[in-house]
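One chain follows as structure tokens, the form predicted on its own.
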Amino acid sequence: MKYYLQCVQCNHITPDFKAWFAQNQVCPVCGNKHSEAWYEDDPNYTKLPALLEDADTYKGVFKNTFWRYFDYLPLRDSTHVVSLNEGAVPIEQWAFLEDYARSQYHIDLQVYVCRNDLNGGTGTFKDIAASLAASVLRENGVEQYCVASTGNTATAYGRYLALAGINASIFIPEDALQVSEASISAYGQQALRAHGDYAKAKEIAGQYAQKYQVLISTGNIDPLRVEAKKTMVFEWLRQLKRIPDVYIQAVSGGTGPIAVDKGMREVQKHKNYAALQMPRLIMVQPDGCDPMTTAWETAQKQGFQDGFEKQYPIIPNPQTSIPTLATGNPATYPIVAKLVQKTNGAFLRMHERKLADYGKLVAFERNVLLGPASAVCVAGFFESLQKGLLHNGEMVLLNIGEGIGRAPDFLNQLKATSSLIDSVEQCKPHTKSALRQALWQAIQN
């Protein structure tokens, strides 16, 4: 047996996903929904160093995707793989952020950015999870599936499940982007927009799954999502040759930090990586939907009393301009909060009114057009500097979630130099240096 699933609460073993699906994706002993995949074929991860070779020297068939780590993904037969060249995306060094930290805070940092906007499926962080899910579902003969999502997961699952020949019913909240609904429908899948917020969409999705006996994604602790996203840790070692000291991400549900923890526990099983340490986790939320940050700030003031992670507010119908981050009921906060605490990390808040300023700056300095959730992540870097959370000599990794293609309306907010003219007399040459100064001033203000 290549892999098995183990309950995180009572350690009960489920032999494979066929059995996991048959038992309704819960532990049959204790009823817990959270199980993790582990690999019997190579429990000490002896093959991992070879997989971490550069793409030019690695000879595997999946060298340009996260499927290069097939040995540590819960799929038995590689002929079932559904892939659009996702996962092995470039990690870029962004010197302009390093220069800013040095000039304004006198801190020498290495700043890297994982470019999930370059994923081959939908240009989001969700493509790797959708690829694995589609592959495993196809291998196990699943014909119907449903998922609730604020937008990016919905779109990614819509596309990949369509490629796998699986019928998907995808539930999105009322404020989800129109482009998400249009994409899902165009792929031939069923897009169902709920009258209400993400919690309402999840509620109806759960009822639908029960009524029609359809498999449903179990959300941020779904082993399909976690197993795919854990491979970002492998990619850090492959591309950076080390684990970053700090990991920054915009957070809505929280699969990212859960997957980082899982990936770290896996690589530590190999003797060469046993001493590696988890990065500090810095999670960023917009002020229009910030229940995790609010809960963290309250717990911090109270000295992180026992059980602090179980106390968090629920925001019904969050009023945010970033629908993909509109999770008002953060059910995974208890898990994520403990991980953040364990790593001496933090939850931060950014002001949505400044969102376009961060997008404009990155577009100018790097010629990269970010989606709004990605701009939240970049804002987290500046907030971290301001709050003294980054230290001299550290390597910082920003995980940007999506590109502008997922939120074309946001592109209109990134205009920096446009003018309406009637004649040439109204035109004159411009200098980019003046624009650069204005963009940086907007950030600093």
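The first residue of the shown sequence is 1; numbering continues from there. Keep in mind the model is a prediction, meaning the values are calculated, not measured.
Unshown form predicted in complex with a small molecule; subsequent notes refer to it.
**Student:** Using a 4.5 Å cut on heavy atoms, which of 289, 373, 337, 129 is close to the small molecule in the predicted bound form?
**Tutor:** Looking at 289, 373, 337, 129 one by one, just 373 meets the 4.5 Å heavy-atom criterion.
**Student:** Tell me, out of 158, 254, 173, 359, which residue has a non-hydrogen atom within 4.5 angstroms of the small molecule in the predicted bound form.
**Tutor:** None of the other options qualify; the answer is 254.
**Student:** Of these, 42-50, 416-424, 397-405, 27-35, which stretch puts a heavy atom within 4.5 angstroms of the small molecule in the predicted bound form?
**Tutor:** Among the candidates, contact is made by 397-405.
**Student:** Residue-level contact is defined here as any heavy atom of the residue lying within 4.5 Å of the small molecule in the predicted bound form; does residue 343 satisfy this criterion?
**Tutor:** No, residue 343 stays farther than 4.5 Å from the small molecule in the predicted bound form.
**Student:** Is there a non-hydrogen atom of residue 236 within 4.5 angstroms of a non-hydrogen atom of the small molecule in the predicted bound form?
**Tutor:** Flag for residue 236 set to no.
**Student:** Against the small molecule in the predicted bound form, would residue 249 count as a contact residue? Criterion: heavy atoms within 4.5 Å.
**Tutor:** Judged by the heavy-atom cut-off of 4.5 Å, residue 249 is in contact with the small molecule in the predicted bound form.
**Student:** How about residue 231 - does it come within 4.5 Å of the small molecule in the predicted bound form, if we only consider non-hydrogen atoms?
**Tutor:** Looking in the predicted bound form, residue contacts with the small molecule do not include residue 231, since no heavy atom lies within 4.5 Å.
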